[in-house]
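The chain below stands alone and is given as structure tokens, in the form predicted alone.
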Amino acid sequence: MTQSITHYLPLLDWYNAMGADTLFSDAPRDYYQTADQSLSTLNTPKAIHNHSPYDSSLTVMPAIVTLATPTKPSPIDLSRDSAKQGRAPVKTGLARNDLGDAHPARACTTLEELRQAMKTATGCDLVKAATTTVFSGGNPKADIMLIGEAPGAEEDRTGEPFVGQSGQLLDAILATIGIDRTMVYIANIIPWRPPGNRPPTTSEIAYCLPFIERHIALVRPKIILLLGGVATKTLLRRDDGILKLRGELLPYTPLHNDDAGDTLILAMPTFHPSYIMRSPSQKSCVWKDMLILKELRARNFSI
């Protein structure tokens, strides 16, 4: 029996939370059959098609990097389309919290103060469910900052970001361009694990946004690698999904003006390692993104 549309709404919301929010065709496609054809269109030497996208012996250089034309960001009303269709609000996105200057992140002037503010925060119910606050990992003086969505079960147990299976894959991805965790700084939009690894809600993201913005302001990286759709939509405040923005260089502009510095910080969205684990055919896209990062690093992040 055909199910009603309401039966599929939770699934559609999940797709949106994972960043699959762009329609390419009205008819389904078998991407396992078309993966080889898609690879043949890449502007890379023929030898790459006979290797894994993570083969660090390859010396393929990316195309000339250009910064996308900056546009003035504006907050996204994620409940707009949902309200018109009688749907529940999407579980990812951006909204201003109601605390303003009273938010505990606002008074933090050091990373240690920010860590303590997050550990003692009471404005988000996730604090009650999580085992620990996952603050950060890596080198706080690094030029590259990686930002994911939220901790998983292993991260919640250890208090370190990206230490589970997706973290091991992230290490392998970085290693292809000669980078390890001593050369990057890692954090998440949400520092507490959502129960059952569910996507964070709009209100949870809104409460945690000042934390991650102050985190970026204190670290002052030269580039932010946004891992996945939630990190991308939250910090760039763009309607476009990760499938469309992946690999672009965009200016990062914080929602809270007191977290904005005088130096331009670049942001580049890419796929989250957990998405790559579910969709191995997308490895080549992440490989191309890593080549861009490698080239930028060689130029001291000058564009």
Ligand code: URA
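Heads up: residue numbers just count along the shown sequence, starting at 1. As the structure is a prediction and not an experimental result, all values here were calculated from the model.
There is another form of the same protein, the form predicted together with uracil (URA); it is not shown, and what comes next is about it.
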Exactly one of Ser136, Thr201, Thr176, Ser166 has a non-hydrogen atom within 4.5 Å of uracil (URA) in the model of the complex; which residue is it? Ser166
Students should find that, of Trp192, Phe211, Phe162, Tyr185, the residue having a non-hydrogen atom no more than 4.5 angstroms from uracil (URA) in the model of the complex is Phe162
Counting only non-hydrogen atoms, choose the one of 121-129, 150-158, 211-219, 136-144 that falls within 4.5 Å of uracil (URA) in the model of the complex. 150-158
